[in-house]
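In structure tokens, the next block holds one chain alone, the form predicted alone.
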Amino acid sequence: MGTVYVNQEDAFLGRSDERLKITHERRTLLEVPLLRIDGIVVLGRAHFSPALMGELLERRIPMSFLSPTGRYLGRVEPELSKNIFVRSAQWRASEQPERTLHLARAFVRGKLKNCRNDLMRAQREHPELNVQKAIESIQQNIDALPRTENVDSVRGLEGAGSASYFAVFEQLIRVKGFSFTHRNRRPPLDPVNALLSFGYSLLRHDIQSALNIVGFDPYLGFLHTQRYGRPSLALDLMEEFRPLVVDAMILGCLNKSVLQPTDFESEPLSGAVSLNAEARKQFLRQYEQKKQSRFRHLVLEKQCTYQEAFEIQARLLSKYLLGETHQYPPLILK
């Protein structure tokens, strides 16, 4: 199973027997059995046959649509899971301050611990890095989490910890030609921010799909505030995965020179920076490879891929909300 990324502008997606067939100007770009697909991400403009659209919805295969620069636009969802009990537990918990606070702390603890561990690993491998103060600052924010009395305070610690992490992020880039001073977006104004925004859009597609499979309402979160059209729960669950999947993959792409400064282009008026078409294919391949890489899940005590971990964490979240466990364990890797 995997995600199909459609990177060709004006590609046509149709159904041929039990296969997805992608063509462009009468040339076949891809044919793959529908059984092997668990999601489709379209970058730019594409056309779908009605027969294929119906088949995708019938098979519960979600489709996400991104702009050519990787900005998230929207998605087509199959019908919600019939597991009303999970959504009912989610709604009840959202009205219980103690449970909401527990989950908000857990999402932030997962993110900050993974950020801290990334910096500690980098310092062990490269003792010349000056990241100790950032590690200590992130640790202080982690230590303060149990003393928070409301979600706003948790958000404040998340913001402070993330600022410390991104303040030294440039030191993790060990090749010339790339720089990073701070996080910017909408639009991203430099190559590193362009990669981060693009990667987080792809991660959002995967996390939201996992939440739908388990039966959640992705728009009702605990850490992120409710806003019209905002998938707050998907953004909540993304937090622990950002450093593990997207940040790590991007640093790998840069430090192994998979991507070069010449792979980027900028829009003259807005200054928006994005990957060119050829480099975008390489980035998508790297992201898919990262999702399929394996590690040992400490709660389940078995090997799994990040792709599987998206759904595992969603199911652990449902167990907490249904009262089957006393706490939600975020995914933390050393």
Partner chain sequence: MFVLVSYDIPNDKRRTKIHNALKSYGEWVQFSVFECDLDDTNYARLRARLSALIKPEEDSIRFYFLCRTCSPKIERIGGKPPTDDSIFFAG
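Positions refer to the first chain, counted from 1. These figures come from a predicted structure and were not determined experimentally.
Heads up, the form predicted together with its partner chain isn't pictured, but that's what we're talking about next.
Sole residue of R294, R26, R36, K302 within 4.5 Å of its partner chain in the predicted complex, by heavy atom: Residue within 4.5 Å of the partner: R36.
Contact residue in the predicted complex, from L275, L284, M63, L66 (heavy atom within 4.5 Å of its partner chain): It is L284 that has a heavy atom within 4.5 Å of the partner.
4.5 angstroms heavy atom contact with its partner chain in the predicted complex for D10: Output for D10 is no: heavy atoms all beyond 4.5 Å of its partner chain.
Exercise: Y328 in contact with its partner chain in the predicted complex, heavy atom 4.5 Å: Residue-level check for Y328: no, no contact with its partner chain.
Contact of E324 with its partner chain in the predicted complex (heavy atom, 4.5 Å): Judged by the heavy-atom cut-off of 4.5 Å, E324 is well away from its partner chain in the predicted complex.
V32: touches its partner chain in the predicted complex, heavy atom cutoff 4.5 angstroms: Looking in the predicted complex, residue contacts with its partner chain include V32, since a heavy atom lies within 4.5 Å.
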